[in-house]
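Just the one chain here, laid out as structure tokens, in the form predicted on its own.
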Amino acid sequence: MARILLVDDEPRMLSLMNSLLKAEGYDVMSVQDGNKARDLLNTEIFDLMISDIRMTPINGMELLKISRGVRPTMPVIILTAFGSVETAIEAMKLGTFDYVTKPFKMDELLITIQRALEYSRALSENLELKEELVGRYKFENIVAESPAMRHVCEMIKRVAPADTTVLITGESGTGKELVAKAIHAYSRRKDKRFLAVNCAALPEALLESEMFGHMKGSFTGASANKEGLFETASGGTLFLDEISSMPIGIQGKLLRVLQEKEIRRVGGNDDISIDVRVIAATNTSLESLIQQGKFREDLYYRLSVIPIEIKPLRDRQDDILPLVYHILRHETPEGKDLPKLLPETKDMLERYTWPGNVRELENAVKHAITFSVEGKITPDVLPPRILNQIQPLAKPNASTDPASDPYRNKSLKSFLREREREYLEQVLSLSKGDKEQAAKSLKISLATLYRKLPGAPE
């Protein structure tokens, strides 16, 4: 039921409208005094205000200004016996939804009220939708146009408030640390530290000391007691990147930390309680490493309480150009225009398979910016590896001999078939000839791949 504030200093008009609006099913609060209406606007919520324009000491125009300040989305209908153009223009400038000239037909007023309330509902729904989309998909530096990345953002939103461990999987360069930081930023630990360690970058002895700390004299060079990352990140989040490279000996100690919430420094005898959320990431199949005896199965299940998979960039083409523009905005100095991306450049970027994923894309865009001329990113300023793999689509040239045009008299079906085969060959090359892997990347069956390869019948 819509709630309406009705303001008019004429008692008979106020009583008549109050009765009629209540008969229509509206919840009406009617007042004769502008001061009281002002107080109600500051303390209560209404879906619509209908106010006479000529009142004292506060008139309808002043009430309109007050309502715009306290509830800008609430529509206002002004009633006036002075239906001049000047009055209408002033009311519209101040943000009134509509004005009605006295005397008026009640049917006309009811239609105006209905329109105003429908407008208000539509506006509220639009604002709620925008807030929902921001809540869902607006994570700093994460571009999510593709369904796959929108699912990742939905997962971030769901898992961030919890304290459970998360295992992020994906090829190198897909943005696993970015996702981990987003989880931390939207968690209750956001005001505490986010620390990262690359498990592949340190030898076993140093990695153990880095994670758990050590006591003075516990090994050569240990000249003082040292806190490990688990202690330093107390109350926050510890990100274990390349967890697949963690030595088997340290895996057992990490398992104990996750189970007991305690660490013991290298060379120490005392257990130290810790409060740290662990997020791990890998670009290697942990299940495969388990079968090879290189990763503990019990640790895997402790880490993968909530798994998040980030698809490679070649499987989410909808993200390529939005990512390009995101990088361009980031790399362009404030106040300067973004470099112009030519259509043929966009085409090449979308057709390239991006084996290095987002990291490679970022480097390619920076390379293109460096060598761009007159603010234009043309195909020739892209990195050589892209130019070597993807050729620009040929443009018709009137000065060229038509007989030499490779597309002369070629049907659309033949053209698309040729381009399809070029792409299949690129994917096969990246898969090192492994047709099963290529078919999996293309999301087609092996039989379909064989049918589409060169030599297969049209």
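Numbering starts at 1 and follows the sequence shown. What you are looking at is a predicted structure, and each value in this text was computed from that prediction instead of being measured.
This next part talks about the form predicted together with a small molecule, which is not shown.
J.: Flag this candidate site as yes only if Ala196, Leu202 and Gly228 all have a heavy atom within 4.5 Å of the small molecule in the model of the complex; otherwise mark no.
T.: The answer is no; none of Ala196, Leu202 and Gly228 reaches the small molecule.
J.: Taking 4.5 angstroms as the heavy atom distance cut-off, pick the stretch from 253-261, 210-218, 166-174, 332-340 that is near the small molecule in the model of the complex.
T.: Every other range fails; the passing one is 166-174.
J.: Would you please decide whether Asn141 lies within 4.5 angstroms of the small molecule in the model of the complex, comparing each non-hydrogen atom pair?
T.: Close contact exists here: in the model of the complex, Asn141 approaches the small molecule to within 4.5 Å, heavy atoms only.
J.: Can any non-hydrogen atom of Thr112 be found within 4.5 angstroms of the small molecule in the model of the complex?
T.: No.
J.: Quick one: does Asp241 come within 4.5 Å of the small molecule in the model of the complex, counting heavy atoms only?
T.: Answer yes; at least one heavy atom of Asp241 falls within 4.5 Å of the small molecule in the model of the complex.
J.: So, in the model of the complex, is Ile78 in contact with the small molecule at a 4.5 angstroms heavy atom limit?
T.: It does not: once the small molecule is placed as it appears in the model of the complex, Ile78 has no heavy atom within 4.5 Å of it.
J.: Just give me the single entry in Val278, Ile377, Met149, Leu299 that has a non-hydrogen atom within 4.5 angstroms of the small molecule in the model of the complex.
T.: That would be Met149.
J.: Quick one: from Asp318, Asp98, Glu362, Glu90, grab the residue that has a heavy atom within 4.5 Å of the small molecule in the model of the complex.
T.: Answer to the contact question: Glu362.
J.: Which way does the C-alpha gap of Lys432 and Leu382 go in the model of the complex, closer or farther, given it changes by 3 angstroms or more?
T.: So the answer is closer.
J.: So the CA-CA distance for Lys432 and Ser285 moves by at least 3 angstroms in the model of the complex. Closer or farther than here?
T.: Compared with the shown chain, Lys432-Ser285 is farther in the model of the complex.
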